[in-house]
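Have a look below at one chain only, the form predicted alone, in structure tokens format.
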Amino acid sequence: MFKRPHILVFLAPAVIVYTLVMILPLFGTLQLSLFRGEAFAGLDNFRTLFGDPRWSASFWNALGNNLWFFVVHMIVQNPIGIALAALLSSNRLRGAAFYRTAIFVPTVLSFVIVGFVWKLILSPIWGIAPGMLDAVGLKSLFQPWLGKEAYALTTLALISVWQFVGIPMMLIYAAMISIPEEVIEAAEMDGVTGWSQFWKVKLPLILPAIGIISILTFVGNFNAFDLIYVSQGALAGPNSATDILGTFMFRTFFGFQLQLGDPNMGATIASVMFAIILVGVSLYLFLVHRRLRRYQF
């Protein structure tokens, strides 16, 4: 007999909701990917996705775009978040609470609002970006960034960085203020201050938090869909330059315009997305997280 039944009582609602909303749909998706219509197809759908030129070209394009979307966040969003957290944790900065709030506010905005507003800002016809650049003598630098294949995906990634930079900032900030004062005082007594203190003392201690942010960035970017759908539509234009696995799966599963929906192939794409995320998280937990734990105090 279980000696602490109250634990089961408190866990049951969350477990039931999570099972109904996440676990059962996941297994349903995996099952659907193994069928073609009503007939069991085994791994044929995966062979089609990877081997059939009609499917593989779109899949590899979407996967490559997804990787670049993730890379931009890793090399732009997370370093900026760490730098902002380091600045905001300084006792010399006045109005730190206001800056934290202002930077974090875009995180709680709807994707629909963010996508629509940035389309208005960057529009070459009625957007304010050309006028702002013209006011400082840099109008020649303006390009229809959302309308050119070479710039569209990077532009959307940077918009996403603007929206979500508050998350790594707050997580790193929380890790920094949790560093014991004794450690900081000992560093100052040794003459380690300023940015030297950050690199030599604080950074090693916040590595576990940076690792968590990295894996959250990975999962979030390979689940991305909303911003690109709102900004560029289901076709993820121009010419599929912003197509990622989320938009590719949406078009395939539900259909769009003249393309008929194919739930089996859509489930196959979703299963591949799940496998990519699962492998990435597993590699982090077994290869990286164990090494970072030794820095915790």
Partner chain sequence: MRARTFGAHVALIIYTLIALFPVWVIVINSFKNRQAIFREPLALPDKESFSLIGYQTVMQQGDFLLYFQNSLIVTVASLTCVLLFGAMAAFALSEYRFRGNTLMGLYLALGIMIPIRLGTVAILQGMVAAGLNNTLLALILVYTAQGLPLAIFILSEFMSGISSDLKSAGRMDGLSEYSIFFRLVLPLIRPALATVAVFTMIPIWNDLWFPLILSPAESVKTITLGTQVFLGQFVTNWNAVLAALTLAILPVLVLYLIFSRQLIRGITSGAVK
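Positions refer to the first chain, counted from 1. Model, not experiment: these values are computed from the prediction. Between two forms, the rigid core is defined as the largest C-alpha subset superposing within 1.5 Å.
Only in words, not in the display: the form predicted in complex with the partner chain, which the text now covers.
Hey, in the predicted complex, does residue 223 get a heavy atom within 4.5 angstroms of the partner chain? Contact with the partner chain, yes.
Check whether residue 263 has any heavy atom within 4.5 Å of a heavy atom of the partner chain in the predicted complex, and answer yes or no. Yes, residue 263 sits close enough to the partner chain in the predicted complex that at least one of its heavy atoms falls within 4.5 Å.
Residue 32: touches the partner chain in the predicted complex, heavy atom cutoff 4.5 angstroms: Looking in the predicted complex, residue contacts with the partner chain include residue 32, since a heavy atom lies within 4.5 Å.
Against the partner chain in the predicted complex, would residue 28 count as a contact residue? Criterion: heavy atoms within 4.5 Å. Yes, contact at 4.5 Å.
Using a 4.5 Å heavy atom cut-off, which of 252-260, 52-60, 235-243, 66-74 contacts the partner chain in the predicted complex? After filtering at 4.5 Å, what remains is 252-260.
Looking in the predicted complex, is the partner chain within 4.5 angstroms of a heavy atom from every one of 126, 174 and 215? Looking in the predicted complex, the three residues 126, 174 and 215 all sit within 4.5 Å of the partner chain (heavy atoms).
Which of 186, 150, 102, 138 has a heavy atom within 4.5 Å of the partner chain in the predicted complex? It is 102 that has a heavy atom within 4.5 Å of the partner.
From first to last in sequence, which residues of 9-41 have any non-hydrogen atom within 4.5 angstroms of the partner chain in the predicted complex? Those in contact are 9, 10, 11, 13, 14, 15, 17, 18, 19, 21, 22, 23, 25, 26, 28, 29, 32.
Taking the rigid core as the superposition reference, indicate whether the CA of residue 9 shifts 2 angstroms or more between this form and the one not shown. Shift of 2 Å or more: yes.
Relative to the superposed rigid core, does residue 148 relocate between this form and the one not shown - that is, does its Cα move 2 Å or more? No, because once the rigid core is superposed, the C-alpha of residue 148 moves less than 2 Å between this form and the one not shown.
Taking 2 Å as the cut-off, check whether the CA of residue 93 shifts that much or more between this form and the one not shown after a rigid core fit. Yes; residue 93 is a residue whose C-alpha shifts (by 2 Å or more) between this form and the one not shown when the cores are overlaid.
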